[in-house]
Ligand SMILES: O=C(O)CCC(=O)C(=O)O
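The chain below stands alone, shown as structure tokens; this is the form predicted alone.
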Amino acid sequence: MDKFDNQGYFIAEEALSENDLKLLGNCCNALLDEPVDDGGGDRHEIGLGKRRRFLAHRHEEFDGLESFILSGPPAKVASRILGSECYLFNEQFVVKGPKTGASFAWHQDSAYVGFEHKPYISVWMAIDEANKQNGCLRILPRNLKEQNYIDTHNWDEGSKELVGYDGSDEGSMVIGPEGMIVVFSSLTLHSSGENITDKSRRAYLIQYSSEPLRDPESGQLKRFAKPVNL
């Protein structure tokens, strides 16, 4: 897709159905009812308590969620870019709590992998409306043919995140309704603002790769490698 290659992202014409949103909302809310877990291990401890929660790797526990991931709208969008060789790599709900929901700094998703790999794609879905007040995505357009590399990232201990850009370009703000699907490369710099509204901002992020991602030194699989089934 020329648009994806030229700017590093696109907003999909497809949108989630009412049933899709109900499924994601119910799964996310069930996880939110559990005690807060800031993550750890290979999740980089990027959670900030109720301000910024990453509810990851639980899709096998909910009826319908795995089939949504492997054969639903996000899988169909991903396969348009990656082709027939398309695998689930990672999945997580991202929730910014009300009024003090934390921002997330500019970064590339590939910077969190920890070893050389083929770039993959992220399919970000709005469970709630995304707007400036509740911390919508911002994206720096990137020509993937010319800028096909990971930028230097530094760990910020205070905000518990990798930071890959500190320039003045505010990027493109991605505003849209619940059900919106945004697709971007793991090499595309993106960030998000604070949630200052009185409601949580919920989103679901699924990442797909063109091959299983394995640590070249240990041979250990990173996350998942479940083939999409369309």
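In case it trips you up, residue 1 is the first one in the sequence shown, and so on. Fair warning: this is a prediction, and the values are worked out from it, not measured in the lab.
In what follows, reference is made to the form predicted together with the ligand, a form of this protein that is not presented.
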| property | result |
| --- | --- |
| Touches the ligand in the predicted bound form: F68 (any heavy atom, 4.5 Å) | no |
| Partner contact for S192 in the predicted bound form: the ligand, 4.5 angstroms, heavy atom | yes |
| 4.5 Å heavy atom contact, Q92 to the ligand in the predicted bound form | yes |
| is_contact(L137, the ligand) in the predicted bound form, heavy atom dist at most 4.5 Å | yes |
| Interface stretch in the predicted bound form with the ligand - options 156-164, 68-76, 81-89, 104-112, non-hydrogen atom within 4.5 Å | 104-112 |
